[in-house]
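The chain that follows stands alone, in the form predicted on its own, written as structure tokens.
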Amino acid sequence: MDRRSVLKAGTTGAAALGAPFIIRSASAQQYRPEYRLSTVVGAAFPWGKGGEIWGNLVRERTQGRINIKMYPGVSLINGDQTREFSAIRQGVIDMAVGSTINWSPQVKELNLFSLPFLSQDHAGLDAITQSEAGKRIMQIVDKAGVVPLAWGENGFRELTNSRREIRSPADMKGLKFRIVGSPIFTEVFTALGANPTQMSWADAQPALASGAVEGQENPMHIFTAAKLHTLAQKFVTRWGYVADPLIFVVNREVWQSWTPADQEIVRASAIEAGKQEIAIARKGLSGGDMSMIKDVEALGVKVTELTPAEKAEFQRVLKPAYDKWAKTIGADLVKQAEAAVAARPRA
């Protein structure tokens, strides 16, 4: 081989070695025309509104480089809420504002927020998410394969039903309740003597209307926005047994395809959207403003507030389930959360 051949071979080899790096660098700057954001409900609900706010902030602040389209109803995966987290990891979904409850079958530590009567109130919930326990949850979600950016809130899940006022576990005996597809909810409602049935929110509404199920549990703003009083839900019990934080996340490959500057814009926008969404979710249900309760009562619905003694009876019945799931979640993480709640500011 002559000198020119050697030089040609060397140049070809260098080009071959360098080509993959050139391709990756170029593709990293090729933003998609649209990024798909998944939510369970639409913008008529605080949850969906949070997704809408996030998308709008990002679109404005990136001057349209990152164009987000929201897909409510978990429509990208045919309405199956419990598959959402896996779909984000797989790239079927680019971004999501998702429920810790819906994602808990894939990330067991997220069941922390479903421990009955752990968070107690809004101050307790904030204490958990802003504590070391909350930081650990974000690290666990990141390790599970997606990029977590900010907290949101679906709210405290209250009991509703079509049959009777509920003030004790005995009042729940035999009632059919729609629950989300998470094992801890099956155990909790079974322990209370109810008949729990797992189904998506899309399936729950016609089931309530037809009487196939008699009750459900969801935040109060879901009750008003979904007009559950028209689905035979005439009794509400405010027991505050479980809160449902939301997490703003991005698929990891999508995240890595953006420039660091745009990543920071998306993160800051998620944090801002999360704060706005939490304020919307708590409107009429916190501080001196309890107007949402009055609005529900005006619909002819009986709203029951449990006394401390009545709530303690529910806690007593559910303690075995709490203790069992605390071990599954991780005793250290649960203790961190319990300590944060105990130290929360009292109203």
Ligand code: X2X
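Note that residue numbering follows the sequence shown and begins at 1. Nothing here was measured: the structure is a model prediction, and the numbers come from that model.
Although it is not shown, the form predicted together with this ligand is what the next lines describe.
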| item | value |
| --- | --- |
| Interface residue in the model of the complex among S119, N251, Q233, N102, criterion: non-hydrogen atom within 4.5 angstroms of this ligand | N102 |
| Position in contact with this ligand when the complex is considered in the model of the complex, options L37, V40, V58, V296, heavy atoms within 4.5 Å | V40 |
| Heavy atom distance at most 4.5 Å to this ligand in the model of the complex, all of T160, M172 and E214 | no |
| is_contact(Q81, this ligand) in the model of the complex, heavy atom dist at most 4.5 Å | yes |
| This ligand contact in the model of the complex: I222, any heavy atom under 4.5 Å | yes |
| Contact label in the model of the complex: W54 to this ligand, heavy atom within 4.5 Å | no |
| Partner contact for T129 in the model of the complex: this ligand, 4.5 angstroms, heavy atom | no |
| Which of 85-93, 233-241, 176-184, 108-116 sits within 4.5 Å of this ligand in the model of the complex, heavy atom basis | 176-184 |
| Stretch 269-304: residues contacting this ligand in the model of the complex, 4.5 Å heavy atom cut-off | none |
